[in-house]
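In the block that follows, a single chain appears as structure tokens, in the form predicted on its own.
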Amino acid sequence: MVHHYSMYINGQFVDSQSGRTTSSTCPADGKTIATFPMADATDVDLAVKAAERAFRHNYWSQSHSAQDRAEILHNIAKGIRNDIERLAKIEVMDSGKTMTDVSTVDMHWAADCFEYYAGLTTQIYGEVLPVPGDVLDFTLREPLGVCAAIVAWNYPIMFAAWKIAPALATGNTIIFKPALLTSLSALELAGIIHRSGAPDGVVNIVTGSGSEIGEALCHHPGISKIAFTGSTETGRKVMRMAASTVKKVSLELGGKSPHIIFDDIEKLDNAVGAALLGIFFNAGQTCIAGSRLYVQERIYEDFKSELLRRTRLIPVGNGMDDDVRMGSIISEDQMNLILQYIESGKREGAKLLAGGRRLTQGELSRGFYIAPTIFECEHDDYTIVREEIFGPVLCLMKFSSEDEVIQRANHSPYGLAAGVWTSNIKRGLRLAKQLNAGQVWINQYLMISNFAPHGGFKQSGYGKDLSKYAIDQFTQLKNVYVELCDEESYITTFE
């Protein structure tokens, strides 16, 4: 029997006012997993009113101390940890990811995120300012009010944690809109939040079409901030819509990240492993994927040979199989888009070295699978080098000098992440300063920590997720000036 989920509004599990529903289909085998509501603007308005009541009338940010909020965040983290295997299985069926990745990485990172912000709740404060004169001048860091979060489908439980945890830590209330294709883990999280002690209306989760619900959230006058994770194209639309009420906006958008390998590396195997992880983790459906791989010419052939050998060994299949290391693509539409990019690479003259096709043997024919794909590219003008593919497609390129690779790496409208491999730490730090990216790894790739900020430059967005810097995205700064001098001041001249 297919399970039916409800949304979570004002502490209640409810269906949409219209009664409309949709279903979740497993991209690994095409089976229907569950049904859930399709909300519209009416449901959004109910969620906003519930969040407003929780914030303004129930005084969530004032009557609940930082310690109270910390306890709730700890309870959410504990709820995730106590149910990791079941939650991971639901996430894998809903997204096509692998059980290994979700159960050992995603779920733990999500729980860690709630715990991290629980620890920050008592560290959110302003400062005294050295204003001249006999005055006391200080700042207060205050919550924004009702926030909304709209996220992509590639890391469902992690994105929920990244948005909900800092919003609650700072005393805001929130409406969370998961991606239509991967809504189930957020709806499971609603049950954990319900049992955590969070007051009614503090967290609301609405599901449905991104265009319909997203537009309602962006235009709603009761919402103070939009936190968005998704494509650059959709991010532009969010900015335009949020401008109608001058909402605060933070955007974590697309990327076409360069991964640079210098010929002085000590262990070629480690760099090859990082290159494979950087592009084939989560079937390449990662905004920070190292999709442009630049290898210095002296080691290029050796590196290419080992890269291809190990690529052909990657087990692709249903993510519920413990031996699988790369799962399915999220949907048929996304799979077809990736295949179109692959065809454009062939058509424009890039040399296909591995993969480049849909996998249909045996049970794979029931899902959406693409073989790990590598193109050898002579220059940076191919469509597959310039545009974000969001799939398991790597562009392998040769470079000669440091100056050349910096120029090529920066020649992109994106600036989300970059990786540099070198045994020369001075060179690594030089590149870290010169690469136009919000996050640069040296002798590593794809490592994200709750303690470190995550976010991009240029058309990869602005604002930061994670770390103490995310607090800035969910608070506003107020200045308070107190006159301490009893003597007459310039004010008397206006009497």
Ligand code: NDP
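The first residue of the sequence shown is number 1, and the count goes up from there. All values reported here derive from a predicted model rather than from experimental measurement.
Quick note: we don't show the form predicted together with this ligand, though the next part is all about it.
- Task: Would you mind picking the one in Y300, F281, F262, W153 that has a heavy atom within 4.5 Å of this ligand in the predicted complex?
- Result: By the 4.5 Å criterion, the partner-contacting residue is W153.
- Residue (of V105, I90, A111, L180) lying close to this ligand in the predicted complex, criterion heavy atoms within 4.5 Å: Only one option qualifies, and that one is L180.
- Query: Taking heavy atoms only, is G254 within 4.5 angstroms of this ligand in the predicted complex?
  - Reply: Looking in the predicted complex, residue contacts with this ligand include G254, since a heavy atom lies within 4.5 Å.
- Item | Contact of T100 with this ligand in the predicted complex (heavy atom, 4.5 Å) | Because no heavy atom of T100 falls inside 4.5 Å of this ligand in the predicted complex, the answer is no.
- Message: Would you classify K237 as touching this ligand in the predicted complex, given a 4.5 Å non-hydrogen atom cut-off?
- Response: Although this ligand is absent here, K237 would touch it in the predicted complex, with heavy atoms inside 4.5 Å.
- Is G230 close to this ligand in the predicted complex, meaning a heavy atom pair under 4.5 Å apart or at it? Because a heavy atom of G230 falls inside 4.5 Å of this ligand in the predicted complex, the answer is yes.
- Message: Among the candidate stretches 265-273, 154-162, 73-81, 304-312, which one is within 4.5 Å of this ligand in the predicted complex when only heavy atoms are counted?
- Response: That would be stretch 154-162.
- Task: Just give me the residues of 279-315, first to last, that have a heavy atom within 4.5 Å of this ligand in the predicted complex.
- Result: Just C287.
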